[in-house]
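In the structure tokens that follow, the same protein chain appears in two forms, which are kept apart as structure 1 and structure 2.
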Structure 1
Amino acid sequence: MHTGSFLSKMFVTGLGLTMAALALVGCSENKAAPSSGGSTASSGSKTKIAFIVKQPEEPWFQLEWKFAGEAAKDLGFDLITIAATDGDQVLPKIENAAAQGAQGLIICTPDVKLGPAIVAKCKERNLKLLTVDDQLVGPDGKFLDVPHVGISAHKIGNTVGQALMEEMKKRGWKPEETAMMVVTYEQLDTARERTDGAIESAEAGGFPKDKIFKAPEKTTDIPGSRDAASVVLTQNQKVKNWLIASMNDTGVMGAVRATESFNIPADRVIAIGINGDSALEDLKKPTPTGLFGSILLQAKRHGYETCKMMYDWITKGQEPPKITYTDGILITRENYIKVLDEQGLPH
């Protein structure tokens, strides 16, 4: 991403002090008890696992750390959480993890092209390596042969496109009165795979190709997506109904805000995001907005299961599978509380 990664403002409402504490832990690179959010557990354990993320302020990564902390507590290893927010920080931070005694490294790097250097550094420091969310690539652009836990970005996008078409049909919208807006950020591979997947499923479902409009965003935040969507809305003011997709919740949230500024009624908009984070803001509102739902990604699997894989690799010699893909669950106003409870997430 994860992207995206699996990439977005997650659970701003509901995580509260736990998430704030996690962000501080990540930035300071200090150890903390699992009760403070999952940075380090079972002090004195001989097994140590480092977990490096690229955006410690993002709730998705905070949740990964939280669930990694639960794994540390359950399995009895020390967890070292470290943030590396740009490519220049990655190798020094890996060195830092090794200096703290880590035997394994789980990483979502800010630059996947550093793959060969990351692999070399881990070999040099005798660190077992597992990637999460974003997969490392070599000089030829091909994925490196490193165990990876991630999301099939294209399939997640397919899920969005399918859900949009199903809801459109339920509402009885006519194709000639409807357009699809896809807020894109195509310079990021994972983002492009998600949006391409959404378009592919919409077309497979019979949606007219010439009624699909891309809205390239310059920045991957709500203002950036709102600006991108406003351009498309300005150029297509006769469209009655709008389907909206993007690489994440933030992308669709900005587009929904744009439809509101154009006075397009909420019941004439079906927006479905990815991540299940920022979307909660709208799903909780007493009056429905154009945001119909989101594909909730499973942070617990990315945090807890990756650590268990690494722990078993270190302690039992059980190397993880080369590729493990997780899937997503559609959450809406009707089911989000039930689904979040099932996933052990706040709401």
Structure 2
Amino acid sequence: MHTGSFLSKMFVTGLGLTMAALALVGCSENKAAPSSGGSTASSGSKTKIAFIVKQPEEPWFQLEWKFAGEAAKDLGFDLITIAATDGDQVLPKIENAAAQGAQGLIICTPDVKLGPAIVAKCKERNLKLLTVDDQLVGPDGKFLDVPHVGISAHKIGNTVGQALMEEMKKRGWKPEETAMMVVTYEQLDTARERTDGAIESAEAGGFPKDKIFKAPEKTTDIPGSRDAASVVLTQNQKVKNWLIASMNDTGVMGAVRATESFNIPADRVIAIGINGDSALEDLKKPTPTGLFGSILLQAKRHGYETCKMMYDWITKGQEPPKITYTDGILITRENYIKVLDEQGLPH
């Protein structure tokens, strides 16, 4: 059944979830106690893993937590899910996880520059550390030597650029009537690599460099990308057709909403996101919007596999690989149901 599924609920009851996410932020942590593994009252001896994310309102992170919860159930550990939505919250929340007895931390931090402080805090509190999605950086801008699970950002960006070119050619759009808008967030490496990859492939496909406009977003939410896109649209009102790329679905969704408020017809827009989360909202609408597709990422690997790595590290002393890259698949109106089914994802 489609309607009862996790993702459908997530999209249909967006407000409820946002409230739930806010409640989560408010009370700072939420313990998902798995039922397997025996001990209840004397859970002191049970392995405890904390999973901190930067944007609990984004469906991507909700999916990561959902799969982490499945790992907790299957492997029999306690999972502590914690939201840290800005830099100031990170260290106190780690402290909090340690005080609750966590032995390991999986984190997608709101600020990767906190890398050295996060590493120091985990060392001080004897927490094993694994990063997911966003890699920690040091003062020199180089990645820190912490095990990491992330997407092959540049390659996935390339896939976006190639798919945009293909669809543009299919529609027979003239290059002189077309521009590309790239909603960027370049201070975050994984974001910059994705948008650079999209631009690189568009150029390799013959798209003129001077028709590519970057729209730097100040915040990585819908209002942030919408505002950034509106500036570019205001400055380029003569453009007939728009290609749109960004670091994730949220980035392109804000831009698509902006094209709508500029009264640009939906069939004059081709937007392709990354994540395969909020883009589903548009793919499900009976009338196509400018949102053409998204690169579906492997949330299960980011939520379940990271937990398994951490669990094996804590319980067997098996260190995770230094780096694990995951990839993605293009989903569109035509194939998303089939692909989500194949991936064992709800829709």
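What you see is a predicted model, and the numbers here were worked out from it, not measured in a lab. Counting starts at 1 and follows the sequence of structure 1.
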Which number belongs to the form predicted in complex with alpha-D-fucopyranose, 1 or 2?
2
Among 250, 328, 282, 127, which sits at the hinge of the chain's rigid-body turn between structures 1 and 2?
328
Give the turn angle of the smaller rigid part between structures 1 and 2 in degrees.
15
